[in-house]
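Consider the single chain below, provided in structure tokens and representing the form predicted on its own.
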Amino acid sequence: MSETETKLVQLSPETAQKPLFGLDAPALAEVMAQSGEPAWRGRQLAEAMYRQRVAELDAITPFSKSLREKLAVEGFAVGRPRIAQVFKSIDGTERYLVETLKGDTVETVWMPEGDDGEAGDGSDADEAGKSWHRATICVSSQVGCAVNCRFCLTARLGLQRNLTAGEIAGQVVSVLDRHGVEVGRDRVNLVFMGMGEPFLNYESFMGAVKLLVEEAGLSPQRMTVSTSGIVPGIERFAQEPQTLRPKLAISLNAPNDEVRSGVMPINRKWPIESVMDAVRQVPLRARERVTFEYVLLGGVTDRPQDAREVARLVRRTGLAAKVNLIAWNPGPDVPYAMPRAGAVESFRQSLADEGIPVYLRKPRGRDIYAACGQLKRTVEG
């Protein structure tokens, strides 16, 4: 080997960093006990990482310097995903490339004042607020996605891997930290609608929810998870306790099976009626509604007859439900068009006339590829 060559040293599993972020208080208590410390140190560690949002061992001041050094020597690190790049939209939206300990990235989005997608869903999140005290964080659950919705840029990545519970929750805590959010005072909603299909990474998704609720102090009633219609996941979700269960959104996007199978191939495995049967098993809280997300594709799903068919479909479910309309957000080489002028309002009015609660989701961050369906780890903004 010449002097100019670089020798790569492969870290063994024993010498690689062992992240503490992603463990709950009982698991952290076990780590402390194994290190010869009192189990109650685990609660201190959880408080520091999830409530105080400490990102480095050296900053955990309830621990002595010698204890912090001991944990570091043993290979432990906080290991929270970090915001590696920030892209800012003219509308105030921020898109983040969030880097994991593995060195890969996912995307997370901060929308000050939200996008009106939470309106009418049974929470009070649609009440007036000030600046980002009424904000929404869009969270990813996988690196890429395997569902392959034809109108979504994330699908171009394919599925690269599932995120861990700590990597999912870490996106949220990093963004809360960036904006100095005070949990319990500032009105912040979480939507698991970023990269990936949460119900194809169910254990990690619900593990992250548990961390955010029990350790970070967030309310599950200010969380919404969107699924493309993974029936086994919906059925499992229906069994979750209401103290942990977020609200449910179904990515519908078409008025019938024929159209939906064309834009969402997953429909061939779980057609609309099987999805609805599963959704009916989910026990809703008082005032809670199931959300049907509906992307309007110009000339494909935005026609007057589509609106009438969607209204009949939603009524036939018998569910307490609402529809969120989303004008398709364009992306390079995606073979669809935005709805024609007036089509979105006409569609909305048709549903309203049929007695369907319907809301328009505002496009946020289109100029930085932060809008719905645009997340693909773009390094420009």
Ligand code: SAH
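All figures in this text were calculated on a predicted structure; none of them were measured in a lab. All residue numbers refer to positions in the sequence shown, first residue = 1.
One more form of this protein exists, namely the form predicted together with ligand SAH; it is left out here, but the text below deals with it.
Fill in: in the predicted complex, segment of 276-284, 238-246, 163-171, 220-228 with a heavy atom within 4.5 Å of ligand SAH
Careful reading of the contacts points to 220-228.
Worksheet item: Could you tell me if M193 has a non-hydrogen atom within 4.5 Å of ligand SAH in the predicted complex?
Response: Because a heavy atom of M193 falls inside 4.5 Å of ligand SAH in the predicted complex, the answer is yes.
Discussion item. I'd like to know if T136 sits close to ligand SAH in the predicted complex, meaning any non-hydrogen atom pair within 4.5 angstroms.
Written reply: Answer no; every heavy atom of T136 is more than 4.5 Å from ligand SAH in the predicted complex.
Worksheet entry | Any non-hydrogen atom of E293 within 4.5 angstroms of ligand SAH in the predicted complex | It does: once ligand SAH is placed as it appears in the predicted complex, E293 has a heavy atom within 4.5 Å of it.
Worksheet item: With a 4.5 Å heavy atom cut-off, would you call T93 a contact of ligand SAH in the predicted complex?
Response: Outside the cut-off, so no.
Practice prompt. Have a look at A327, V54, M32, I356 for me and say which one sits with a heavy atom within 4.5 Å of ligand SAH in the predicted complex.
Written response: Looking at the other structure, the residue within range turns out to be A327.
Fill in: Heavy atom within 4.5 Å of ligand SAH in the predicted complex - the one residue of N267, T108, N253, N189 that qualifies
Answer to the contact question: N253.
Discussion item. With the partner left out here, which residues of 18-45 have a non-hydrogen atom within 4.5 Å of ligand SAH in the predicted complex?
Written reply: Not one residue comes within 4.5 Å of the partner.
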